[in-house]
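Below you'll find only one chain, the form predicted alone, shown as structure tokens.
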């Protein structure tokens, strides 16, 4: 396997999905070893660094990439297998941002209420123990939490030459903020433009489902990916992002209101079950009703994201793309 290493300079960050020229063309099967900055571009470093004074909202979620995949054409499926995610700094940061988050008034939910007080939390990383430490602002409480590294943003160029902010999740992927995007997961994305034009970023040392306050433990990340491509002649591309891990298949839907994000993920999963099991749509609907789990990804971004997942143990026979995930896992083992 070809191995490409890339550590961007700040001037090389991408801030959108679509609209940015690829920094490099790679072959399907390439291993990428990347460095990704945190959502704040490393600007939040101490508890006295407040978001409103430190951050420019035009420059959040810096992306590493984009990369073009040779031979990728609209209708194909881009495959990204996450081999490894390792914190690249010894600290992560989380903030309360004015008029942003799941439990405050926002520009979309306008209220006659002041913003929540701004605060910043710094989580120190203990690499030996694999933990980050929450420290309360008031009182003496602290708590060590296990790291669970994930990527908040994984996406391709949108269809129809659209350009979307790196803060946005949609059918192209983007800022989905699902903890399911961890090492060992394989992500399937629709190719909308020649080359796919994909990027990744927004590392989280850990995040609860929903990302309630709007920021996870945001941290720079060393990322290893295997990139592959499934041609349209071999399989229909998904309409929405799909994820597979060793135990489950998952779909991410993004929209507002939240129930529409959930509906998208449910309908796409019904279609996927139909493909994999040869089920009529209504039979797949009935089966899904009894076996699916629906964790939230985010309830804070420009679109909300909901996940529908189905266990391979409950439903044997879930083997997308003739076992491509298992093949990628084997390839990943040879790397580590």
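Given the structure is predicted, the values throughout are model-derived calculations rather than measurements. Positions refer to the first chain, counted from 1.
Unshown form predicted together with another copy of the chain; subsequent notes refer to it.
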1, 33 and 38 each touching another copy of the chain in the predicted complex (heavy atom, 4.5 Å): no
Partner proximity in the predicted complex: residue 161 to another copy of the chain, non-hydrogen atom cutoff 4.5 Å: yes
Partner proximity in the predicted complex: residue 237 to another copy of the chain, non-hydrogen atom cutoff 4.5 Å: no
4.5 Å heavy atom contact, residue 114 and another copy of the chain in the predicted complex: yes
In the predicted complex, residue 145 touching another copy of the chain (heavy atom, 4.5 Å): yes
Listed range touching another copy of the chain, judged in the predicted complex by heavy atoms within 4.5 Å, from 227-235, 241-249, 161-169, 76-84: 161-169
Listed residue (183, 125, 96, 88) with a non-hydrogen atom within 4.5 angstroms of another copy of the chain in the predicted complex: 96
Contacts with another copy of the chain in the predicted complex - residues in 68-104 whose heavy atoms fall within 4.5 Å: 94, 96, 101, 102, 103, 104
